[in-house]
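Both blocks below hold the same protein chain, though in two forms, and each is given as structure tokens: structure 1 and structure 2.
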Structure 1
């Protein structure tokens, strides 16, 4: 049987992260206060340290949760595509990221925004961080396998081909240079667009950001990656 302490501990950790998440969405990362969390949970501030050794560790936990959240959103969006058409899958996955960023504004800023100087992402974060890109990569792998892609060939310099080959080996995937480069560029442009929209760089530039995002989406799928 699981002990009373163990259960209470798990619940407390959840409570702390919940309140911290509320503070995060209302006041940003700077507004997450251990003392305020303790106050809201009816405990003394020093008690928090029994569960998180420092404020940084709490934020790290929130980062991990955020990566997991956007990753699982993408996984679900991908799984929901019944006909497994790679073009549809790409659009749905990209849309899920856009939607997630809109619904979790500050969490998005936490993982795709300014990194804290001197704060090296702990090992705990790199696992969840790859969850989203894994969805994207498996999508590309399937596209390659099914031959559902025919992009206009672009010139790729030898040093970049070497870089791509190294990446291919590291990830143990079978995607040719053309598709891999296009996928990489689309990945960056996808989050570049989301960041520009969510961080307000399109103010006074683009009025209907939702529509523009859809445009970028189809453009990337059609002209850059070249899904059939």
Structure 2
């Protein structure tokens, strides 16, 4: 059973994160200030350091929360596809990222926007950061295992093949060069498109961004990756 002290600590941490999120939305990551948060919450400035010894540790907590949140959205979207068709799973997972970015604009900017000056993400962020890509990789693995890929072969330069081999070893996955290269291109294009839309770079260029996004993810799934 969680004790009174533990509950109180958890509530204080949630309050600190909430105010930090408000600072993020108004001033960006560089504007997050532990002292300002303490003032907002009516805490003495020294007390807040018992929860987060530095601004960077608070940023890390926010980044981990954001990665876990978008990763969870992808996992739930994938699990909801009953027939396990890989093309349908790709579309639903991609849509989950798009929706999440629209509903969590500040958090999306924190993990996919401009790097925070002077901040270096620690090892703690790696696991949460890979949750979304792990879902995408599972689609590629399943598609290759089931033979549900029919994209036309493309030429891959030897130096890129070496990069793919290194990636395969690090991730401990068995995906051939053609499919892994296509998956990597699709992952980058997916989030590049989401960022262009969510950060307003399509203003006066694309009027119906939702429809354009659907076009992009369908093209990536069928023409680039080649899900059958």
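Residue numbers count along the first chain shown, from 1. Just so we're on the same page, rigid core means the largest C-alpha set that superposes within 1.5 Å between forms. Everything numeric in this text was worked out from a predicted model, so none of it was measured.
Visitor: Please let me know, 1 or 2, which structure is the form predicted alone?
Guide: Answer is structure 2, the other one does not fit.
Visitor: Based on which rigid part the C-alphas fit better between structure 1 and structure 2, which of 165, 60, 198, 29 occupies a hinge?
Guide: Among the listed options, 60 lies at the hinge between structure 1 and structure 2.
Visitor: Relative to the larger rigid part, how many degrees does the smaller part rotate between structure 1 and structure 2?
Guide: 17 degrees, smaller rigid part against the larger.
Visitor: After superposing on the rigid core, what is the C-alpha displacement of residue 34 between structure 1 and structure 2, in Å?
Guide: Comparing the two forms, residue 34 shifts 3.4 Å at C-alpha.
Visitor: Taking the rigid core as the frame of reference, how far in Å is the Cα of residue 22 displaced between structure 1 and structure 2?
Guide: A shift of 4.4 Å at the C-alpha.
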